[in-house]
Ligand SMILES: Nc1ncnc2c1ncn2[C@@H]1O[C@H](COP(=O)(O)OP(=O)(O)O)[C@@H](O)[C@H]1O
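Take a look at this one chain, the form predicted alone, written out in structure tokens.
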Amino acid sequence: MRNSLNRWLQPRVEALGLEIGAANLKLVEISGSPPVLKGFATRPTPPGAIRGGNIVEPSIIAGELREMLAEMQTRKRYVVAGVSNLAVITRIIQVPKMGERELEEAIHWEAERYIPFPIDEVVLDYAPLDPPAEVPDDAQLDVVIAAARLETITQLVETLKEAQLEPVVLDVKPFAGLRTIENYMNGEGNDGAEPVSVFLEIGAESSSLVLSRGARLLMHRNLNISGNDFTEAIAKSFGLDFSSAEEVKRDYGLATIPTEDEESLLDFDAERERFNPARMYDAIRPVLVDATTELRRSLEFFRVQIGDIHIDKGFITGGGSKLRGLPGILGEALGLQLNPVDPWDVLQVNESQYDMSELHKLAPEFTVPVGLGLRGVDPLD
């Protein structure tokens, strides 16, 4: 199975970065070394086209992607695409140091313990987290494994081909995000070694939390919170359909207890009064409680698995992180500051070619697509 995926895992040409999200489709073109932004495009995902991380309307998605390619005026057709968090199972396991062939067989058998599907119904891949040559003979080898249902991967590939795109890599989105923020994780940590960082990505339909030391993955966990949870809470509280609630969240959403200053900023027209900060906070407070509880449990899970380590840095990204006040609230839950990520910082950007204010607004949503694009010009082995 692994050999059949090698052509996807090791791109030989520059490729576009693509994230097919539940809320938006995002495409980015990066070229050269150092990497230069050559173009990007984004548009809302057609309602109902993505469900549970799976593409249920492939022809509609393919049509949107073709229009985005035309909009970008790019001739590139190779692509590095992200697979939804909901569609991928990832685990970090330990095995004795062994040769490549023995490792492949061992991973196959170990994976059956962690994957709740028949092994012949999944696409499985793995990667050692450290170069095997640097691991002592009597030590354990840390290996990350990733598996997705074969039908999910097949649907994604067929959609890309219908859009006249050729997939060279299918990547795991949280790991793509780590590639974008790698420069943020430099320096020295509390213990004198490389800093330990936590990276929270809040998407429309799913979220993930990643713990790393420097650029080395330590732990990863999908979370049962998402941007849509806040939207649905607003819809229920104010009697709105989902689309209207999403717009209200964008314009009036507030994840903190409103202050008098914030109240005084309102013009007190009928709509602003209806969605005033106090009512908005009351609507989403139950979701905030669930989110902070989930984060605390996840950090406790990390500590149980790898020991009580000090976290030096925190980062937050994803479209769901744009809710006003949310990074501060979630940072308090984790006991650290969650800093926003600007993926454009890792690229050379011609400021005369792009609207920099637009790029800044789009930054939270493009951390993963930029990471996918970076792999398209500088693939990981």
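These numbers were taken from a predicted model, which means no experiment stands behind them. The first residue of the shown sequence is 1; numbering continues from there.
If you look for the form predicted in complex with this ligand, you will not find it shown, but the lines that follow are about it.
Chemist: Can any non-hydrogen atom of G227 be found within 4.5 angstroms of this ligand in the predicted bound form?
Modeler: Yes, G227 lies within 4.5 Å of this ligand in the predicted bound form.
Chemist: Can you tell me if L359 lies within 4.5 angstroms of this ligand in the predicted bound form, counting non-hydrogen atoms only?
Modeler: L359: no, not in contact with this ligand in the predicted bound form.
Chemist: Is K313 part of the interface with this ligand in the predicted bound form - any heavy atom within 4.5 Å?
Modeler: Contact with this ligand, no.
Chemist: Can you tell me whether K249 touches this ligand? I mean in the predicted bound form, with a 4.5 angstroms heavy atom cut-off.
Modeler: Judged by the heavy-atom cut-off of 4.5 Å, K249 is in contact with this ligand in the predicted bound form.
Chemist: Which of these stretches, 203-211, 112-120, 132-140, 302-310, has heavy atoms within 4.5 Å of this ligand in the predicted bound form?
Modeler: Correct option: 203-211.
Chemist: Could you run down 322-343 and flag each residue that has a heavy atom within 4.5 Å of this ligand in the predicted bound form?
Modeler: Counting only heavy atoms within 4.5 Å of this ligand in the predicted bound form, the contacting residues of 322-343 are K322, L323.
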